[in-house]
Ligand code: ADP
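Next comes just one chain, in structure tokens: the form predicted on its own.
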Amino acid sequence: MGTLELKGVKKRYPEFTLEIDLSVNEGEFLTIIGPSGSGKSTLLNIIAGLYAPDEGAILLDGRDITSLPPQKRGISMVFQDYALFPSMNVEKNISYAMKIRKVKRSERRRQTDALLSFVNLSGYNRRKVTTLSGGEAQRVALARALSSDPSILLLDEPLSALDASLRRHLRDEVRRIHDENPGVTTIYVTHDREEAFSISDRIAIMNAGHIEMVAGGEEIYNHPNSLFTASFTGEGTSLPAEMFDMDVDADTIFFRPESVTIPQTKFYGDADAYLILEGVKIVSAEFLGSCYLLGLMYEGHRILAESSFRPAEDTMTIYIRKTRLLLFKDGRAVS
């Protein structure tokens, strides 16, 4: 079992106060993202029992664990630097928690072998952890975390120190390990938005010590509840609503680059379905492989747009699909 609830949890610091209400379902993969200093790692440390909240309660399967020490919570954590014991080999690192629980040596070896096989490191038992690559160390840290048979698995930016191609491979491994442990609930902290969207059941957006929004990736990207969420979760353009003749109760419109249409020749769409901006200047064109990301200027405002081609002219007319506009007032979404 691994249903987690944080009710009215507060942790006060001179620079900000962490205030959290959050429910995580059993077996769920929840990812927490947010800017540096928003409280992501602090939240994980409170769940793990490494920090004590000033107020509120933490419930695991309905049981109050707020005052329990870390080793009695049924929660394991993988740190950003993996925190492996350098004086121990791989097998001793993984079996350490089992040894503390007085599991018999033969059973420790059996479970360690099974975990090493599970993370695709069979035969690494005697390897010194100081000789491991970053990817190998990450998988050993995961195996060690799973060795205590946790209800909750916490991962604090475990891939941040790895190169991009290895991160892409290992994030799939993290998701596989989660899926093959159906009783384990995973809470994963990352600064990488692509990583969050690719592996999560739900995503929690943190901002200045509180949770801005919790939802599935598609919901967060396409229907953000605030301008902060919209801006943080992907490229986009914010423009004052007063620039356009629109009968809406909003002060800001926001749209993604893919919501902009740039015709290579003549525009054949329904003009009434678009905001039409004429005399837009092209200031940059970044080739992304599958498309160009254009930086445009219109009446002093910068606009981002995707294009399948690199425009030859300096100015153009662009078309923004009205159904893809996001409307905000005082930073909050309006319908």
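From 1 onward, residues are counted along the sequence shown. In this text the structure is predicted, and so the values were computed from the model without any measurement.
One more form of this protein, predicted together with the named molecule, exists but is not displayed; see below.
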Quiz item: If you check in the model of the complex, is S307 within 4.5 Å of the named molecule, heavy atoms only?
Solution: no
Quiz item: Looking in the model of the complex, any heavy atom of S290 within 4.5 Å of the named molecule?
Solution: no
Exercise. Give a yes or no for G269: in the model of the complex, does one of its heavy atoms lie within 4.5 Å of a heavy atom belonging to the named molecule?
Key: no
Quiz prompt | Partner contact for G37 in the model of the complex: the named molecule, 4.5 angstroms, heavy atom | solution = yes
Exercise. From the candidate stretches 60-68, 293-301, 29-37, 272-280, select the single one in contact with the named molecule in the model of the complex, where contact means a heavy atom within 4.5 Å.
Key: 29-37
Quiz item: Considering only 210-232, what residues come within 4.5 Å of the named molecule in the model of the complex, judged by heavy atoms?
Solution: none
